[in-house]
Structures are given as C-alpha cells and as structure tokens.
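One chain is shown next in structure tokens, namely the form predicted on its own.
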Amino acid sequence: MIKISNLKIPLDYNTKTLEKKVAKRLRISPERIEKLTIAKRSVDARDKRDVHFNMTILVQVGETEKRVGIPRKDNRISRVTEQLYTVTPKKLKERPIVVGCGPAGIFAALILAQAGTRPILLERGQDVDSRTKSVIKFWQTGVLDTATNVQFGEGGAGTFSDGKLKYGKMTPLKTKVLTELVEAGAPAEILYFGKPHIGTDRLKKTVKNLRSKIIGLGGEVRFNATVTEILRKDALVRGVGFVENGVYNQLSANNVILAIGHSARDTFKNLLNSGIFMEQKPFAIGVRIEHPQEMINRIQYGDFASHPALGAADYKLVVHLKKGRAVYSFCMCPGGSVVGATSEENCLVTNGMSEYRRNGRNSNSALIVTIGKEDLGSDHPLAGIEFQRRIEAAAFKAGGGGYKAPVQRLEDFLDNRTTTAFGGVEPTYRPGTEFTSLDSCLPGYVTGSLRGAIPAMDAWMPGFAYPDALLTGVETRSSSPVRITRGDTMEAIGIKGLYPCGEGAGYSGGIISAAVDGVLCAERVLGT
C-alpha cells in the first residue's frame, strides 16, 4: 500500500478528482489505481482566499505496486503496511469487574468481552434512554436527579457533549476504537476527518450498540449500581461492594478496572478513606462563551463560509499570560448549546453539547483558566474537588437558585458591569439564566486572567471579542482534579489487581484517550 500525504484537494472534489491527483503524484495512469482510501481529511483555511482540503490518501495498485516508483526527495509518499489490532482469547480464574460506563469503562469491558472473560460492568446511573429522560426533565424543570444526570449514566459525561474524537497520530489502538464506534453506529467519516465528531444524538445509539455487543459476547451490564468500596485482602483486590437499586451487594474478582469518571466525588472520598493512594493534579475552570455560528463561520472561512462541504466552523485558542497562567478554549461545540451539567444539589455546572448536524444558531466553547496546587490552600488529595464545589455553589447562588446560570455580555464583563439586556446572542442554556457579574462566583485571578486573555484571542481571531458574545458560568468539570496514582503495571499503588483508568483517574482527557486507556487497562488484565 502507498501513502500520499499533503494533497491539496478542492472543496468540490469527487472520486475522479482524487484519482487524477493521486495518479499525477505517482506518475501513473488513473486506470492503474485499484483502490483509493482517504486516511485523513482536514480543512486548510490559512488563506481565506483559497480554503481547501488537505488529504492523506492510501492507494493500492495491485500486483504491480512494487514497480511503482516513488519520486526521489518526495517525503510525502511512502510505502506502508496496514497494522490490525487483534484480541487474543484468555481464560481468567474470575470474571473481571469494570466500574463505570463511560468511554474508558465501555472499551475496557468490550476488549475483555472479546477475549472471552465475560466481564461485569457496573454503572451508578441509568441506561442511556432512561438517562436522557432524566436529563431533559432537569433542563426543562430544574428538577435534578443526583443519581442520573449529564455526569452519571451510560456513556459517561461525553454522551451529552459534542462527541469530539480528538486523536492525534493514529495507532492500531485508536483505529480499533474508531472502528468499533463506526460498527456501533457512529458516522464512517470519523475514520478520516481531521476533527471528527459524533454528536450527542448519534452517541446515544452508539453506546447502546456497544452495550449490546458486550452482552452478546457474554458480558454483563448492571445499572443503578454504585460502587462504595473496593474489597481486598492485604495488597490484593478481592472484589467490590456496591449498592444496586438501594440494596448492598458484593462481587468477588481479582481484577477490577476503576473507570469512575471525574465527577464521582463520593467514590473518590470512599477510596481515599479505604487507603487507596491519590494525589492532587492541575485542572482548569472558567465560563462558556457563545457566538452566533454564522459569525464564527465567517471569521474562519471568509467568503467560503457558506460552502456546504465545510459545515460549522470551530476554533482553538490558547493564551499564556505573563504571570504564568494559561487561558484556553476547550470542548468547542459548533452549532451547539450550553447545558446544565451538575451532579450535586445546589451546585451550578455548565458544559457544551451539539448534535451531529451542528445546525444550532450559536457556537459555544469553554474558556478556562489553569488552576494549580498553590490555588487550593490545602495539600489534601481532594482539595481540588472542594475548590470546584465552592465555585459551583457560588454560581448557583449567583443565578438565583433553580439551577439558573449567571450570564454576562462579553463587553459588560470586560468593562466590569452587570448586563441588563441581551444583544446579538440569545442564551441556549436551560433551565434559565440570570444577569449578574461573573466576579461574584469566580476568583479574581480567574476573571482577571479571562479579561487579559480575551483581547489577545481577538488579535489571533479578529471578531472573537464580539461585544454581544455571551459568557455563562461556570465551567468546572473540564478534567479531574484528582489522580488515583498507578505504577508501571497500571495498577494502583500497593494494590495488585486494581486498575485506575480513564479521565476520572487522571490519565486521559476526552473520548478517544479515555477509550484507549480502557483498552490498555484491559490488556494488562489479560496479560498482553
């Protein structure tokens, strides 16, 4: 197989366009091409007068492939061999347990099921259909279910998000994850889009199909099952204790993958009290910013903004301030909504969500500021959680209760005055908003950092500091403030058979990296 990188392709391309481009680069006739596969496609909008796609393409030319000469000094062309990920059957003495049904837990359980170990997957929340009903009820009425919400339930926090699949350089592990997602119902283009996404609407179907596959392979998935303790004998895991539908149960196992997510605060506390070692880690907090999506399209793509091949534009911005903090956009959701995402009563948390078509009127992104150990005022491992909780409680109060979110026009925020009326951006947050100063719920060094960074972001992306852009508080759950420390074997420090995994354990961030970490932990269980 031959790989050709950095091919400039027009937005209105078709198969014949690609064949001609490839043939010209290889100096062969198009008729010799037997198979052509897009390996990666990204938008190049650096020159707004010439927005186009940049592609990497895999080509097969049959038995004569070895005789196709690669032009000298052309490092954009190379020969490659396809690497496939395989799961080897394995017998274990006891069925392994996976705690948590987010990306890390689902893919850990899937690999274990494909190996024939019949894993048991425990999830504190509900299945995705029941969970969706609870979440919609919260957004419509402000009635929160602390057991099942945007944070807890089948699919994890990523289910109610944009479903972005940031993965960087491809590896067989990442290809395995993406292929499984496509087979479960995700759009096929995630295999090659430079910035792939699934969308919350298609994620729901995808996670259900992954669950069915695990069960079909002999696995077991149990909802409304909150793990309260790790059973062990000396330094060996012996199982878990959990409350299922209000009844305490125990399951024995000598391998437990702990993929609890970053919001299982009660579980972190129970684990720490039982002697499991964990430590603080850096995280970030801030707000959500909303712009009209058409404005972001115009800023990013210029006169090409309405081209149907491009879809809704996104952005990524980072500013490093002189005092050492970084301010950056995170989880940018084109054509999406700002959503209520708390899991605790009387706490206000926001997140971003968009569906597959990304056809909402607004774009939104987190704008967050780095938080270090020096900001927490304590060496306690869970000090970051308490820090988050204080901010969330202050935001709940600033919103006036009922899970209404505090909001402020960008111009008013920069000038430090309270907003009295919306301008060119109407909020998408539900169940409601309240005009107030965001300084009332965020530390001064956070709001000060935002005020310092936003003009710099506007210099990089002219128009970003749109006066009517809307800031909604607060974004606090972008990553875990805790790391459940593990050693070289991926087991928890001093506890054989316990594998802290995924974003909640502090070892990943995002759907793909969490899923890959789940696969890696499953491999350790299998001894591969």
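Residue numbers run from 1 along the displayed sequence. Owing to the predicted nature of the structure, the values given are computational and were not obtained by experimental measurement.
One more form of this protein exists, namely the form predicted in complex with a small molecule; it is left out here, but the text below deals with it.
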Counting any heavy atom within 4.5 Å as contact, can you tell me which stretch out of 383-391, 449-457, 429-437, 222-230 lines the small molecule in the predicted complex? 222-230
Can you work out whether residue 339 and the small molecule are in contact in the predicted complex, taking contact to mean some heavy atom pair no more than 4.5 Å apart? yes
Is there a heavy atom of residue 150 lying 4.5 Å or less from a heavy atom of the small molecule in the predicted complex? yes
Residue contact check: residue 502 to the small molecule in the predicted complex, 4.5 Å heavy atom: yes
Contact of residue 112 with the small molecule in the predicted complex (heavy atom, 4.5 Å): no
Find the only residue in 335, 119, 158, 399 having a heavy atom within 4.5 Å of the small molecule in the predicted complex. 158
Answer key, the small molecule contact in the predicted complex at 4.5 Å (heavy atoms) among 181, 259, 287, 405: the residue is 259
With the partner absent here, would 344, 376 and 473 each sit within 4.5 Å of the small molecule in the predicted complex, counting heavy atoms only? no
